[in-house]
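First, one chain by itself in structure tokens, the form predicted on its own.
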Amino acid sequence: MIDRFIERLTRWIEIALAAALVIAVILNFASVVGRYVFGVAVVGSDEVQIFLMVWIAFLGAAVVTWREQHLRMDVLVGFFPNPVQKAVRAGEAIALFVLACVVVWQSAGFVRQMMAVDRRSDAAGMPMAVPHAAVTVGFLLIALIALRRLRR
């Protein structure tokens, strides 16, 4: 049941990431047309595009982690007996969980600082907590995925 929920969630995340990419491309196109055809810059569009790409990267990392499509250096592991392979996978999941928790802790603290001082981007005026929260959310999902793997 949990796996089905996570699979549906990752599918919705993929759809949202695709939409974000389309929005970034539209913003880029509008910025080029505005600048070179009408001589008017679309203020803040570059920042918004970058922030969308940050979200795409970190949420995409969670999807890739769930689907186990990340790069692996496991050529030697395949030659080990099955119990050793399972132990290596468990060690990987533990290391991933610990690392992801450290990143979540640190990035959440930074997001809180950005919110406390109401830091905003220069051109778009977007709260800087929004792009920085991508790290927290992405690694929180990765930590939950690693925890799920450990329970299996």
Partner chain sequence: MSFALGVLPVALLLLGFPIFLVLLASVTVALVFFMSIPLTVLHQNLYGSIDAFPLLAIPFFIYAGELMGRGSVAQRIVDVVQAGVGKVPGSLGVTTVGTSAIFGAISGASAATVATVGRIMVPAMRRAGYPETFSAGLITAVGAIDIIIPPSIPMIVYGAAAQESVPRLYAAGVLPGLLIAALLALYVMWFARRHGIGATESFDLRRLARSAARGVWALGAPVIILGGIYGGVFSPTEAAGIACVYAAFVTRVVYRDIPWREILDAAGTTAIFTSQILIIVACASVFSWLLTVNQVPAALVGWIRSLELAPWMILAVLNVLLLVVGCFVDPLSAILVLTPLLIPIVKGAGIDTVHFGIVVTVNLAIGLFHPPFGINIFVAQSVLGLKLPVIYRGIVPFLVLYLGALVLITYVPDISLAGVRLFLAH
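Numbering follows the first chain given and starts at 1. No experiment lies behind these values; they were computed from the predicted model shown.
Keep in mind the form predicted together with the partner chain is missing from the figure; the text below concerns it.
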Query - Touches the partner chain in the model of the complex: M126 (any heavy atom, 4.5 Å) - result: no
Requested in this report: Tell me, yes or no, whether G39 is in contact with the partner chain in the model of the complex, where a contact means a heavy atom of each within 4.5 Å.
Outcome: no
Query raised in the report: For G91, is any heavy atom within 4.5 Å of the partner chain in the model of the complex, or not?
Result: yes
**Report entry** 4.5 Å heavy atom contact, A143 and the partner chain in the model of the complex
**Finding:** no
Report task. Could you run down 13-43 and flag each residue that has a heavy atom within 4.5 Å of the partner chain in the model of the complex? Result -> E14, L17, A18, A19, L21, V22, A24, V25, N28, F29, V32, R35, Y36
